[in-house]
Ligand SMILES: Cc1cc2nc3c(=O)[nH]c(=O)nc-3n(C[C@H](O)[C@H](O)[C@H](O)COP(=O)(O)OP(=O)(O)OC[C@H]3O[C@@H](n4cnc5c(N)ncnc54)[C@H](O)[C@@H]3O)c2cc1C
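Only one chain is included here, represented as structure tokens and corresponding to the form predicted alone.
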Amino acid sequence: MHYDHFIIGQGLAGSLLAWRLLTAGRRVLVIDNGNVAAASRVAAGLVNPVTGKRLVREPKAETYLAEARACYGRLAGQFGVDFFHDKPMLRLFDNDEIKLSWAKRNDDDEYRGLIGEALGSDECGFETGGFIQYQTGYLLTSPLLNTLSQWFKQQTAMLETEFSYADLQFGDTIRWQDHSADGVIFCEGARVINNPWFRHLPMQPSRGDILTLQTDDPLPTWIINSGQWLLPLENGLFKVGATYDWPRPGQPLQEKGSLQGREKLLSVLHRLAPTVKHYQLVEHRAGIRPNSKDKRPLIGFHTQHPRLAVFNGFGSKGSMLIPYYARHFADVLLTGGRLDTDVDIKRWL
């Protein structure tokens, strides 16, 4: 068969871009090896527009949030599942730096509606106190990816198999096995560092452990953030994350949980959920975040091979950023428009 686009990778980036293009009438083939350790399938799907010790607001936060809600709402209507859930976040005053940052941001109109007033220990139940962050929540990433995978297969738009760069043949069209396409879009996450056409991109991948636990003890009603975070789910389930490990010379990052990572997360549990005294470990997973060095997405076309494109670099903020940029890049592909300069890979050439 002939397609308009091969999309390599069915993480959140590849899935939402493929969904956009298919619903616009494009012929798409998604190729994915079903790696259960892919970052999108490990991630908790947190959406948080104000992050870090300095409480930095994501530029264009309102635009990203509005598009994310519209996208996930449309997916909910199509498939009958609420994939995105609003949940406020309690940021703990666990050090003086956070207190000073909150005092500064609380007087800044740009943060209005994103951060709330300070809460004392008697109001929030945590000894250090804290403040509420709004416009936060979480995406049920794995259920969404599984749902889209089945839909792609129904559209004859998905193959679960290993992909080799060497199998691409270039001519009037780009051939792969028994299929051909006008172009290829690589949505490989951190694995783009092995891509012969895009390995030059300034990636800064990091590995993160996440635990899924279960308890009969009462859980907080908010997402709790204190450097690490706790996400309460349903039926006593909750997630705790995440660690940050960076690659070292001769020691590439591994997509599997580490004992050190698990012990670190369990050691902060008493701070994130002081009411939880008994729990069971349900799952320990790890993934590699596709961060870019300037913390901006990496989107665009290869300068010498313009039929090859990349859609990558969303890091730990994919659940918030990808809906907007999937629509934006789909518009570029459909209409020939121009990419936003702050995400176009040309900035690194």
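Just so it is clear, the structure is predicted and the values come from calculations on it, not from any experiment. Numbering starts at 1 and runs along the sequence shown.
Same protein, other form: the form predicted in complex with this ligand, not shown, and the subject of what follows.
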Exercise. Is residue 208 close enough to this ligand in the predicted bound form to count, meaning some heavy atom within 4.5 Å?
Worked result: yes
Exercise. At the 4.5 Å heavy atom threshold, is residue 107 in contact with this ligand in the predicted bound form?
Worked result: no
Problem set entry | 4.5 Å heavy atom contact, residue 122 and this ligand in the predicted bound form | no
For this session: Mark residue 49 yes when one of its heavy atoms lies within 4.5 Å of a heavy atom of this ligand in the predicted bound form, and no otherwise.
Result: no
For this session: Quick one: from 284, 26, 317, 57, grab the residue that has a heavy atom within 4.5 Å of this ligand in the predicted bound form.
Result: 317
Seminar exercise, completed: Answer key: of 197, 163, 151, 111, within 4.5 Å of this ligand in the predicted bound form (heavy atoms) is 163
Exercise. Has each of 183, 300 and 344 got a heavy atom lying within 4.5 angstroms of this ligand in the predicted bound form?
Worked result: no
Exercise. If contact means any heavy atom within 4.5 Å, which of 63-71, 286-294, 49-57, 301-309 contacts this ligand in the predicted bound form?
Worked result: 286-294
Problem set entry | Interface residues of 11-28 toward this ligand, as seen in the predicted bound form [heavy atoms, 4.5 Å] | 11, 12, 13, 14
